[in-house]
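Next come structure tokens for two forms of one protein chain, structure 1 first, structure 2 second.
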Structure 1
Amino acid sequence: MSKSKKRHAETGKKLEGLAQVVVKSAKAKRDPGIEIPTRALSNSVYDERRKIITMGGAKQLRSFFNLGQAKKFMQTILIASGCKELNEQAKTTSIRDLFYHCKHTIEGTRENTFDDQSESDPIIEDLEVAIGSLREELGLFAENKGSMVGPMTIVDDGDTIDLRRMGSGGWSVPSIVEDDVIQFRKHEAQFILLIEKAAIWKRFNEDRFWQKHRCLIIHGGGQPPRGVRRLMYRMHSELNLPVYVLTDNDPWGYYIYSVVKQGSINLAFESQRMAVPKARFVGMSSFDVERFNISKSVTIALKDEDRSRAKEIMAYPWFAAKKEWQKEIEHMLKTGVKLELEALSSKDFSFITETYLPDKMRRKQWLD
């Protein structure tokens, strides 16, 4: 606990440092600026050895007296000040709550400091990279998104929870899943299955897939949030459980897998504590149409944005070197169709849990 206390104090100091930048620059008649590591593809480096995306050294100076940056600078300082308050009061709050905390009308104008949470969320991420403190260290969390069930017992904030008895809804994965909040206890799981969407996850839960195949089934409501990714990382590294990813067959599904495996471009600085380079992609594949004789009538024609996104993904360094992946995406582009997981229901409601996935696992029909 003393370690976390020390980090807590450090974070406070770092936040104060930002205010010092402003005061010192003002005194020296310089334009105050904050250096923010660039969170973009251009500044993401694929670490060949660790197989994860890391952040490069490029930084951007966010200065006050620059028309394009003035408002963002002001917002950054405001968010920092809000985090400082949290830090002083040793409280945590949601990023939405912080948005409201910092939102007000600027004196003498009709302009708001923030109009929308979509403005404050990236500023928080900027702040994280700028001072090198993670969101949870700033005392912030996101809304819970994602659920998990499986043959495992955990302790969540002191409460023991049996993930085998979570009913139809499952255990809601919190935003912060560090070991001071979540501890793992007894389990019989053999692997982790990340399912893209909640509806399919419910099918798996209802069919008691996790019981039959001894696994933890987890979903992130689309692109999995940081809490889900961090939890998978912890289970993977601490419990030595392999991770499998089941998504739609479209570029967005591929990218969900990519983020789980290598980390995201936007949050490249978090890859090392979230990415699971050994994660495997079990579906859906563009070859599944032939393999499982899926009717053409349930396929969806690719749109232009799908095609361009697919080509972008093909070109990412971590996909570029993988022949199987190149074949997979090329096949999608060639056939010109994408598939949703629900397409499998055209055969039978439980085709996915009873035939499709067990079949694939048995034949090791996955992509790495």
Structure 2
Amino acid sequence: MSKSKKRHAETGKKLEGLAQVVVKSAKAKRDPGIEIPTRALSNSVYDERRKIITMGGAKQLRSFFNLGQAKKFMQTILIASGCKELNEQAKTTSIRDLFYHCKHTIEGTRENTFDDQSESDPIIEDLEVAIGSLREELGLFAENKGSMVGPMTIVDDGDTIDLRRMGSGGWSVPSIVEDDVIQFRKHEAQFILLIEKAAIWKRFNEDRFWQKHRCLIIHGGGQPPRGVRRLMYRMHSELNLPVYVLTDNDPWGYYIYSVVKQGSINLAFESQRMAVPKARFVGMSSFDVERFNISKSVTIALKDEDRSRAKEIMAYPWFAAKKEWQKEIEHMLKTGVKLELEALSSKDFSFITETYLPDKMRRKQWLD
């Protein structure tokens, strides 16, 4: 049995197991319930040895006869049932499509099973942690968000694609990037560069940065989605390619790097398959105004929410123990300003690709 078929069969058994627990309780005339691991900061643990965020052991019981939980219990069973249908039919669908598949008005009432997708999305994540299977293994995908180009050939669902010949838009990174869908072939890449914004990625693509510096350039349209993070993890672990992250000089850029490097607090259960602990930060620095003689007219004053978020990030265990990161954030707070990558265009449109990043890489001016 192939690895993908084995994973498919295992997911089906997990979904059946969840249903059997509920049926067994009902037959025994007990309150049917499902244990859901708590997805919160309070149940997240930083694994010092592995350098990733992991999920703790705290759980909550979601039961049918608890009036405060009855609706969520029913919604969880509906989502699990929809995923079981997908599994049995060996199909995939979007998380939006599953929402509509499970939405209906309960007979004899005016109550809907779901009113909005904002209700079903968290339930999908609850199901993931409850049975220990990722959304992608449940046959669910999100809309494509992110593009990549570079010196590599891949196979995408049976089609051979040369990432060197993807034009101005690049290859659209899918939500599901497991090895039964995406395979890596010939490549000359030496590293991966994750760029925060699509507009900046376009500058790097237009200037053929990836060709000059033999790298793969990828973006996720801000906070990179799971498909982009999972793909980078696979290329890093399977092809031994270093990962560099280029973001704005603000708390939100720092958090993007944090998620890539250590994993997400909300989705701590999947860090081991997405986080890249050796990723390096080559984004804008609060010291770059002096280093690159950037005009202070293009800096942006920090807001109260920026200061608050920066202090939160400083306290993260994976940042708190690093003097260089403390120094970086303290300097940003001291100067009272932040910098966007676009600020470099005040010097020249291609300054970021021809001078700024090559200089930083050559001098190894990154944060770890």
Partner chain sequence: MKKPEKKTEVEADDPRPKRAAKPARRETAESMAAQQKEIAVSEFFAKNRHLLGFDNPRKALLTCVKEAVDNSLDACEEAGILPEVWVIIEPLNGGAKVNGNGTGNGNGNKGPGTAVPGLEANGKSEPPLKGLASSHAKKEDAAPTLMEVVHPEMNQPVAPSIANATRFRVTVRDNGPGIVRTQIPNVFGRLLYGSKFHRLRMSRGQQGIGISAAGMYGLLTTGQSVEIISRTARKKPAHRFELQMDTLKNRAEIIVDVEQEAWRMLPETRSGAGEVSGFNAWRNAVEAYERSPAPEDVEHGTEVSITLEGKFQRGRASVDEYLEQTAIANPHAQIHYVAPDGLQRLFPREVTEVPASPAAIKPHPYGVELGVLIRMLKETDHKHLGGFLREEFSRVSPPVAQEICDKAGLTTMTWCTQVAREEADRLHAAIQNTKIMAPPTNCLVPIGPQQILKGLLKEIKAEFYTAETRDPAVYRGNPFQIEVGLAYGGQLPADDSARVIRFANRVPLLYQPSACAITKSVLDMNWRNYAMSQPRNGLPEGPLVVFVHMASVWVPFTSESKEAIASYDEITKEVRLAIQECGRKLNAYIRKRQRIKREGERRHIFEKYIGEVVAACGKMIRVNKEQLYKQLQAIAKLRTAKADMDVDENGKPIRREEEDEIGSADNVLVIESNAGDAEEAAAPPPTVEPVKVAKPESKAPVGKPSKQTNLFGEAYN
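If you superpose the two forms and keep the largest set of C-alpha atoms that fall within 1.5 Å, you have the rigid core. Keep in mind that what you see is a predicted model, and the values were worked out from it rather than measured. Here, residue number means position along structure 1's sequence, counting from 1.
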**OP:** Report the structure number, 1 or 2, for the form predicted on its own.
**Re:** 2
**OP:** Establish whether a shift of 2 Å or more occurs at the C-alpha of R226 between structure 1 and structure 2, with the two forms superposed on the rigid core.
**Re:** no
Subject >> Yes/no, M166 Cα shift of 2 Å or more between structure 1 and structure 2 with rigid core fixed >> reply: no
Original post:
Does the distance between the two CA positions of L67 reach 2 Å or more between structure 1 and structure 2, the core being superposed?
Top reply: yes
**OP:** With the core fitted, just quote the Cα shift at T109 between structure 1 and structure 2, in angstrom to one decimal.
**Re:** 4.3
**OP:** Report, in Å with one decimal, the C-alpha displacement of L18 between structure 1 and structure 2 after core superposition.
**Re:** 3.9
